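A single chain comes next, written as structure tokens; it is the form predicted alone.
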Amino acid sequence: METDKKTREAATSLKGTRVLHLNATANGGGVAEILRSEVPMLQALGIKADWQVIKPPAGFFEVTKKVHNALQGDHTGLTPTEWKYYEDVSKELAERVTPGDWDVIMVHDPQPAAIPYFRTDASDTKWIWRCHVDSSSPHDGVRKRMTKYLLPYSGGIFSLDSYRLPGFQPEHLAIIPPAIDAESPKNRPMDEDEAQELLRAYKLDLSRPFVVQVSRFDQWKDPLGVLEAWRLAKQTVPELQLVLVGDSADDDPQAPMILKELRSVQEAQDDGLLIVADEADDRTVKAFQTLAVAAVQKSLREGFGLTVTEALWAGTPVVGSNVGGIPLQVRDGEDGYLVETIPEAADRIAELAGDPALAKRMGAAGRRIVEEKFLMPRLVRDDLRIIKAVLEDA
């Protein structure tokens, strides 16, 4: 895997450092996609990096989904029974991690976050918590509990400064937006002929325009709002189609329920709606993003939005909600549009569907911003910087 000169220089003093990334799932969601590329790149730089996925009982993810939602502002907390279960499983998971084997362990998101709190053995290992969600306005009871579990961490990483979890004050704090791997199958270049060939297997009329949202089937991604925006846009562009591409991540028990609701809408829909669930490989996702007249990301809350990055890298403009990390990438009127409401989203979708030349210009601008700010070598450099900082305090 290629790395640039600045990234190689950043790794020079850390060669041989033992770094473990720990997260909840190997499949589905942006964290797994990042680690699939970042860990090999760290290894190529001489870092002894590895990636470990926790394997808790299935019920654990029911509880951690509530924690995840509460950190993002959901008003539903956890019961004492649920907290006890979270602690009991975290204790079991803590016994499976051997901190002495690692100089630094970077823990991603709330699912494994309590593991260092429940370690009973002494170790010089440094812990860094990487929060990928907007935790700026959390449920207060969940905030208090989680900040207690986070006490052992020397470092913390958030995608935006405004996402910081109130009360979490590690010695070292870094603001590091995510990034994509330009060399991964999903992000390698694709021409229109290849894209059309890959999409022939789907019930999609390639002679008609379509918009696509690529996201986990998650309430925060607001797929039902996307459906409503598409219906409104069809009043202006009757031939417009909508494709919803998503997966059911292993750590998200709510996804099947949301997908079932979308399927029921699809059955009642006369024309132009395609739902692709857990069946599209990376190149097929790239094909949808390449041929779409616009990508949509109508999130209610959004940690960053790697699917926005991927669409822009494919040269496709994005109509995205003005939330979270989307405004970092979508410059309103330059590489897409930022919207506040469903009718506004519909108007912008219809505008791009009706003006292919405008869509092409905006897509080209989007690709440039990704190249400047959101590719994997920059993310690796930023991570190496905080790893070095926590180790220098040892």
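Note that residue numbering follows the sequence shown and begins at 1. Just so it is clear, the model here is predicted, and its values are computed rather than measured.
The discussion below concerns the form predicted together with ligand UDP, not included here.
For a residue to qualify, one of its non-hydrogen atoms must sit within 4.5 Å of ligand UDP in the predicted complex; all three of Gly29, Lys186 and Glu302 qualify.
Judged by heavy atoms within 4.5 Å of ligand UDP in the predicted complex, the contact stretch among the candidates 77 to 85, 191 to 199, 94 to 102, 210 to 218 is 210 to 218. The shortest heavy atom separation between Leu242 and ligand UDP in the predicted complex exceeds 4.5 Å. Using a 4.5 Å cutoff between non-hydrogen atoms, Gly246 counts as a contact of ligand UDP in the predicted complex. Within this chain, Val293 is remote from the site of ligand UDP in the predicted complex, having no heavy atom within 4.5 Å. Although the partner is absent here, Glu38 lies well away from ligand UDP in the predicted complex, with no heavy atom inside 4.5 Å. The partner is absent here; in the predicted complex, the one residue of Leu71, Val285, Ile115, Ile128 having a heavy atom within 4.5 Å of ligand UDP is Val285.
None of Gln111, Thr307, Thr316, Ser321 but one reaches within 4.5 angstroms of ligand UDP in the predicted complex through a heavy atom, and that residue is Thr307.
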